[in-house]
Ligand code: HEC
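The form predicted on its own is given below as one chain in structure tokens.
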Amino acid sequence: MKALAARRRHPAAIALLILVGLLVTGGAYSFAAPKDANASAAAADTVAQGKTLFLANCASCHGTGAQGTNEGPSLYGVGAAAVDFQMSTGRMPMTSPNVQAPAQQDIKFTSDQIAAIAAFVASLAPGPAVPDQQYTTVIEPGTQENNEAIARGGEIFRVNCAMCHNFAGAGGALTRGKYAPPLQGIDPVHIYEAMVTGPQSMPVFSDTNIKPASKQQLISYLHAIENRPEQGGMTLGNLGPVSEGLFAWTFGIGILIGCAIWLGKKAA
């Protein structure tokens, strides 16, 4: 015991203890650091690539720093979700100035390029991220639990969305030449992104207003009504009284006029 105590009091003991501590700390860091460093380097490369693409394709309208110009709004705070929605649906870059950017089938950029631009814009200021797959997976009808979730999604849609997008998601006209687009055949990710970013005239439905799980239920409701069998026959686009009135006027009144002419000739 006396020998051990003597070693503890030795002048080199403190230096040896510090050296051992440094070796343990350095060893632990060497195991953790490479993965984080590689991930950070990859993220930095993606942002740099996105900035290059942005300057070449977007800066003419949104400014070299995405601060906005007279031709395009500022992109600070819009997040990766807004970039992914606008570019993946072909709305951006706009083909021509208009009151509203329509969706296009011809997508100008690859998914990797869009992700890079989204990463650059997201690095400028906090904003909504591209949603997790967990909340963009469609709930399929069948079980009672799933059917109830889809029914709740229908309630949320009718309260918050049907006044613009129509009760069946068929879309509708707005003021000053704008319109709420139809929601049939839309990728669930893009529906979610539209809700959290509020493109065009659409309000923003943040996760504090409509929870992510409720957004998933709403998306599942739209998928369900799109694929449901139409028991009543021809839907006329689910546009309501406008299309039904046009159908009645074109065919119904035409038949009545034909009958009146036939009866008039018969009486003569």
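Numbering starts at 1 and runs along the sequence shown. These numbers come from a predicted model, not from an experiment.
Here the subject shifts to the form predicted together with the ligand, a form of this protein not shown in this document.
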{"property": "Heavy atom of each of 119, 170 and 223 within 4.5 Å of the ligand in the predicted complex", "result": "no"}
{"property": "Residue 115 within 4.5 Å of the ligand in the predicted complex, heavy atoms", "result": "no"}
{"property": "4.5 Å heavy atom contact, residue 179 and the ligand in the predicted complex", "result": "yes"}
{"property": "Contact of residue 152 with the ligand in the predicted complex (heavy atom, 4.5 Å)", "result": "no"}
{"property": "Residue 129 within 4.5 Å of the ligand in the predicted complex, heavy atoms", "result": "no"}
{"property": "Selected contact from 200, 64, 52, 227, since only one has a non-hydrogen atom within 4.5 angstroms of the ligand in the predicted complex", "result": "200"}
{"property": "Within 165-199, the residues that have a heavy atom no more than 4.5 Å from the ligand in the predicted complex", "result": "165, 174, 179, 180, 181, 182, 183, 186, 190, 191, 194, 195, 197, 199"}
